[in-house]
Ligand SMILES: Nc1nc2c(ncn2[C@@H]2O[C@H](COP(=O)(O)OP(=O)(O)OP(=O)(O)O)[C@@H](O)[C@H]2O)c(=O)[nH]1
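Here you get one chain, nothing else, as structure tokens; it is the form predicted alone.
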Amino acid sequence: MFGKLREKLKSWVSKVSEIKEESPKKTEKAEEISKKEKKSKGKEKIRPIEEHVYLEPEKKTFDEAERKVGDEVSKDIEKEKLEIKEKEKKHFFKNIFSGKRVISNEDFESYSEDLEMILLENNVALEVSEKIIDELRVKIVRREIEKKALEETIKKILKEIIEGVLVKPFDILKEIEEKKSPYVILFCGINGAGKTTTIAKFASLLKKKKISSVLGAGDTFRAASIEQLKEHGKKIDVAVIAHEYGSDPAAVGYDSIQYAKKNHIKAVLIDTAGRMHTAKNLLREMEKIKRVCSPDRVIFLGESITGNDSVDQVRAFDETIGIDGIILSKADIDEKGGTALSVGYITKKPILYLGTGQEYKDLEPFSKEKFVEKLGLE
């Protein structure tokens, strides 16, 4: 992921660090010395002293000048030329070869446009891209950075910014184990994101951890959704509570909780219809389910590959019912990674898991460190 980011970073660092190899412009004194040198070479006859011009006449007396003849004239010229070069060299090193580089606004602007385009191409939402760029600007513009460490410094700052955008996940497994009464999780998201399959994956994960669970078939709207969840339940040997299609999903959730209490089951995982984020009446129905079931956590399920669409969806659900965490499916086919940054920034909520395949075992805990590593900023 973000391969172009690494390439552009190296290119920009090279551009910012570039040192011009051109020689400094000759001063009038230096030009004068050059002319004198040409005249003096190959001449046996001593020229009158008035033909020679010295760079620092105020430091020389007329008598001293008279004594500088023949080879001594050439030696003196070489010496004075060396002094001029040393002065110019010292000044040049002070500004450019001091080992540090001050990043100007112009330097940054030449890079930021390309950086923004790379972020957008990698499914990072526009407002998130702007935040990352603005924070980077504040941290590096007008800052003195060691030239040899310029690339590493910028990578380190980008890493810190991205880690700051992503909220550290809470330990949901520990929360389930520690709660005495059934721990209720309400899953929400739109159709097609793999919500029902992800719920089954999570139930399978709980079972491996020796945590019991029950599935609530709260999606009473989509055709075959109940059958799909029941089939998953059979495969992983987990009970499913279901009503008829068109029934109240809040009632399904309530009955699932009661079943868990009666049978001493630790977790209740409630599926819901894939509400389109633009359908306000359906979102309000989600509010009812939440009010009746009083879930411990509301988890949004989105796709890693949808970019800005996931941002709009998660914002709508968060504003309507409030979400506590995020699971992103189809991460195995996502080579960009920008959706994770975007939804994490928009909601200020943690990403808990990534769906990485079609099998029940393909649910991977989200790691900020691993995510940043994949971006090549280590």
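Remember, predicted model here, so these are calculated numbers, not experimental data. When you see a residue number, it is the position in the sequence shown, counting from 1.
Heads up, the form predicted together with the ligand isn't pictured, but that's what we're talking about next.
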Subject >> One residue of Arg222, Lys168, Lys261, Lys208 in contact with the ligand, assessed in the predicted bound form (non-hydrogen atom, 4.5 angstroms) >> reply: Arg222
Subject >> Distance check, Gln358 to the ligand in the predicted bound form, heavy atom within 4.5 Å >> reply: yes
Subject >> in the predicted bound form, Gln228 touching the ligand (heavy atom, 4.5 Å) >> reply: yes
Original post:
Is Pro295 close to the ligand in the predicted bound form, meaning a heavy atom pair under 4.5 Å apart or at it?
Top reply: no
**OP:** May I ask you to check whether Asp332 falls inside a 4.5 Å heavy atom distance of the ligand in the predicted bound form?
**Re:** yes
Original post:
Based on heavy atom distances of at most 4.5 Å to the ligand in the predicted bound form, which listed stretch, 184-192, 284-292, 129-137, 110-118, is the contact stretch?
Top reply: 184-192
Original post:
Among Thr197, Lys201 and Gly274, does every residue place a heavy atom within 4.5 Å of the ligand in the predicted bound form?
Top reply: yes
Original post:
in the predicted bound form, which residues of 170-185 put a heavy atom within 4.5 Å of the ligand?
Top reply: none
